[in-house]
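Next up: just one chain, as structure tokens, the form predicted on its own.
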Amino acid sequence: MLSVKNLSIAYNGVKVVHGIDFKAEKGKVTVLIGANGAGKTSIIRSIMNLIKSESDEILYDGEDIKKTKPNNMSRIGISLCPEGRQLFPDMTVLENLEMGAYARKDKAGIATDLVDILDKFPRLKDRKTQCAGTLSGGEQELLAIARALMGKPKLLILDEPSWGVAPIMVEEVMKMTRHINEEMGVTVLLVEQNANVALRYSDYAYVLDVGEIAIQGTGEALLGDRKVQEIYLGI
């Protein structure tokens, strides 16, 4: 689905990501975990061509996307749910969802998907006429994810979905992420600082440390890895 090779990123001549390789396999939940400053968000912004980077290869479904404009990513099947959500706070839940379908032309399909998305996100259905800025942090995150799904992505990228979300809602957000993957057939690339919850809901994970991949393996294997436990899980 997504393959990245030898990716390097620098700001003002200082490298923050050092020639990493990783992939997000079709039909799986792949996780990038690491502390603040590890380079996670920079990697996502690079994939979306929001910042310049050096890479031998960024392939999506076998096609080079290094020159694809950010506003065309949705059209090729990639949706980003950004860190901090970046909703339209003075617009209603329903209006925010409609904005997620900006690149689509199938009005009948959009109307059908709106109904389907609201059914899948009952919290949002109950608040569809409420302004997004009045929702709780967890509800806003669910709205950001639902909005990204309105683009009908094959690959959904989630950047720090636990940010600013109450612990009880973090579990709901992650369960919904797994549902999206398993029931809707959407491949997920998850970037997360909360290693414990991310690994529990992942198929495969990469641990970033100062711009390099320190460890990789299945989520289950990394949960049992002593180094990961000591550094990232506080065990």
Partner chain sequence: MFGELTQQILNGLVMGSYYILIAVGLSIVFGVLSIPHFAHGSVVMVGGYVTFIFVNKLGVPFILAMLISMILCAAFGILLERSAYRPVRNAPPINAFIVALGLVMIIDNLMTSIFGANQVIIKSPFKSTYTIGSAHVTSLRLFMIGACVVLVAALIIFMKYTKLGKAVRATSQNREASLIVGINTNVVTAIVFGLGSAFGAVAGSLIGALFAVYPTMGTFITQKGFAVLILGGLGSIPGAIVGGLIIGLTENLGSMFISSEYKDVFAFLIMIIILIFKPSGLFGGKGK
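Quick caveat, the model's predicted, so the values are computed rather than measured. Residue numbers count along the first chain shown, from 1.
The same protein also exists as the form predicted in complex with the partner chain; that form is not shown, yet it is the one meant from here on.
- Contact annotation: E95 falls within 4.5 Å of the partner chain in the model of the complex, judged by heavy atom distances.
- In the model of the complex, the partner chain sits within 4.5 Å of a heavy atom of P70.
- Although the partner is absent from this view, L87 contacts the partner chain in the model of the complex, with a non-hydrogen atom inside 4.5 angstroms.
- Remark: G137 does not count among the residues lining the partner chain in the model of the complex, judged by a heavy atom distance of 4.5 Å or less.
- When contacts are defined as a non-hydrogen atom within 4.5 Å, all of L80, M99 and A103 contact the partner chain in the model of the complex.
- Screening V210, L59, M176, L50 for any heavy atom within 4.5 Å of the partner chain in the model of the complex leaves a single hit, L50.
- Stretch-level contact check against the partner chain in the model of the complex with heavy atoms at 4.5 Å: of 42 to 50, 29 to 37, 181 to 189, 59 to 67, the positive one is 42 to 50.
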